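This document opens with one chain alone, in structure tokens, the form predicted alone.
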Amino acid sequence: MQRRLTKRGIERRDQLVEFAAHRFAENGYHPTSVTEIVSGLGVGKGVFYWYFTSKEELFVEILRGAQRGLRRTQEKAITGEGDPVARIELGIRASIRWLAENRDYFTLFQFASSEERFAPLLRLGEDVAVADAARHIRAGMDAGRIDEGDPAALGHAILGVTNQLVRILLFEKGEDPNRVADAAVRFCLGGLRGFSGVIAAGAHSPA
């Protein structure tokens, strides 16, 4: 639903999105009702339905907003960096920092990937992420910095490794985000460069 919103209206809508994202992550999408969301915010259902036609539309907006936020963070991190390999590293590190600061969204991404009505939207976001990575990978290959291969396949590999390390090391084991990023960078850059003695720039030395 598209409405022309005042500044106050935008703030109210953002409050709904933020509050609902936390509730969905904490309690699950299906058990969380519109009634619970508006009650938690202390507003009536009319406020909710002014901005969203349904709980599903709200959840879709949460996913889209999270995907935009993650991509903006990645783009900001690599701005001005001319080295494609360094851009890949900076993108990985920025992604892990963002996910560490936005655990609710990672939880919702995991749920959406297994839900038929939301999985296509999540895949679209992943396709954009893979295309972004593939562009830098191809630039690295052209510069002779990365072994020849399929840039898209390697982009999927980076996304898969990063998500797995975030899920297991960051959120299940509670490891420091910087060390999780070090592991992801060492593995991904090592793979892209044939594991030819790569040492990730900016890696944190063991204490």
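Residue indices: 1-based, along the sequence shown. Fair warning: this is a prediction, and the values are worked out from it, not measured in the lab.
Absent from the display: the form predicted together with the DNA. The rest refers to it.
Remark: all three candidate residues (Arg8, Thr32 and Trp50) come within 4.5 Å of the DNA in the model of the complex, counting heavy atoms only. Lys55 is the sole member of Arg167, Lys55, Arg138, Arg179 with a non-hydrogen atom lying within 4.5 angstroms of the DNA in the model of the complex.
Proximity to the DNA in the model of the complex, taken as a non-hydrogen atom within 4.5 angstroms, holds for one residue of Gly69, Gly44, Gly160, Gly40, which is Gly44. When contacts are judged by a 4.5 Å heavy atom cut-off, His22 does not count as touching the DNA in the model of the complex. Among heavy atoms of Arg193, none comes within 4.5 Å of the DNA in the model of the complex.
Looking at Arg186, you'd find every heavy atom of it more than 4.5 angstroms from the DNA in the model of the complex. In short, of 32-40, 146-154, 168-176, 61-69 it is 32-40 that has heavy atoms within 4.5 Å of the DNA in the model of the complex.
Annotation for 128-160: no interface residues with the DNA in the model of the complex [heavy atom within 4.5 Å].
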